[in-house]
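First comes one chain, alone, set out as structure tokens in the form predicted alone.
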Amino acid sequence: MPTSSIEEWRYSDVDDLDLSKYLVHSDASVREVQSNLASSVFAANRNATVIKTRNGEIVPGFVPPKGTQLADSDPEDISYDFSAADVFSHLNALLSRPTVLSVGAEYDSSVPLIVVRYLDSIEASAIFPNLCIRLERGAKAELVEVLVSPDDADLLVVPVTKIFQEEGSNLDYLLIQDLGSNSRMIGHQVSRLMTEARLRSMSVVAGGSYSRLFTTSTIAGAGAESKLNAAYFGNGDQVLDFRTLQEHSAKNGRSELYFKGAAANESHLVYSGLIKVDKGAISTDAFQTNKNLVLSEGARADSVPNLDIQENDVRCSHASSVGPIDEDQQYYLESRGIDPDTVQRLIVGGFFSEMSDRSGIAGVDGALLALTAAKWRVS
């Protein structure tokens, strides 16, 4: 078990996690609760193909659309040992049955794929969602993954999503995490991009008393490009914990990371990211930005960007900011007769609004509005 004395788990509450309290099982009576954050995405993508799972098991009767294949064994080429592997990812590999979705070049990319993961149990339980996405050479797709659980479910959710993109493939990926307030999450997102592959991902994270997401993206082929984005809002005493690794092992690669978070009440935001450029990865462009808005005196945010550069011919940069609402903005709006609470809502809404342009999936703007509205109702 890791401890908070290890740099990768610094600022986390992993020391308080008691694994012995959780059972490992699949309850057949999983409730299909609604995700308010995902409702706009469903509404904007009515033609989407929806795959439902209950505690990791695909709901019977689903027929994969033309150009895709569905399996429950992890192909060798996307089960590589990734840099962020830890005890939780290994538990996922041991205790889960993966949902493996392969997308071919003949797939109609105008039809989004939505994987909805309903998570539930009547007892304190550990659940291990395992999604493997493989895009074949030249394939193009939009894929949404939704994690949702009831508020009263006492869950430890350990999701692993692995993305493998072959040469020239193109993926827009969206994660909506809308877990109940009594759940904890320790998750991994892993992507590996081959020559000229393109990935654009967005994570919208709202739920869980403690939610940790480790995002690893490897530029493994020349000219590949990844754009990693996240928006998250903590309230109450939530801890939202994000760790990232942008790894470049091939030349002419590009990665761009942009994470934005807001913290209210006594919540705590954590971001720690690393850009790693291996020897030989010449002409790399890699950028990392983390911005945090602190809305209450009891809230806080920690931001730790890092660089590990083993090559000379590269362009790499990182930036981070932590601060309250701009006083000039607040004064300007209040001087026009807008009450302080509405002013804060408007400013936070504007803070997140630019993120919708960073995703190619319809309905993300509504998900970001729902994120802000949901947090304000209970702040």
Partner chain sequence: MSEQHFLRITGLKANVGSKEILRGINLEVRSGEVHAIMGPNGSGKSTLSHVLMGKPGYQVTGGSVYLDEIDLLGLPAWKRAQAGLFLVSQYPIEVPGVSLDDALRAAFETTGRSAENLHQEILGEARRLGFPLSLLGRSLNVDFSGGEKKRNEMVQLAVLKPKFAILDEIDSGLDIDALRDVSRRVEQATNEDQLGVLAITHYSRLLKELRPDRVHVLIKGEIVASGGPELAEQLEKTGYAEYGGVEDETEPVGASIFGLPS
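Because the structure is predicted, anything quoted here is derived from the model rather than measured. Residue numbers count along the first chain shown, from 1.
Below: the form predicted in complex with its partner chain, not depicted.
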property: Distance check, Gly61 to its partner chain in the predicted bound form, heavy atom within 4.5 Å; result: no
property: Contact label in the predicted bound form: Pro340 to its partner chain, heavy atom within 4.5 Å; result: yes
property: Glu354, heavy atom within 4.5 angstroms of its partner chain in the predicted bound form; result: yes
property: Pro65: touches its partner chain in the predicted bound form, heavy atom cutoff 4.5 angstroms; result: no
property: Heavy atom within 4.5 Å of its partner chain in the predicted bound form - residue from Leu346, Leu70, Val50, Ala319; result: Leu346
property: Candidate from Leu333, Val314, Val33, Ala44 lying within 4.5 Å of its partner chain in the predicted bound form - any heavy atom; result: Leu333
property: Region of this chain that lies against its partner chain in the predicted bound form, out of 306-314, 53-61, 322-330, 36-44 [heavy atom, 4.5 Å]; result: 322-330
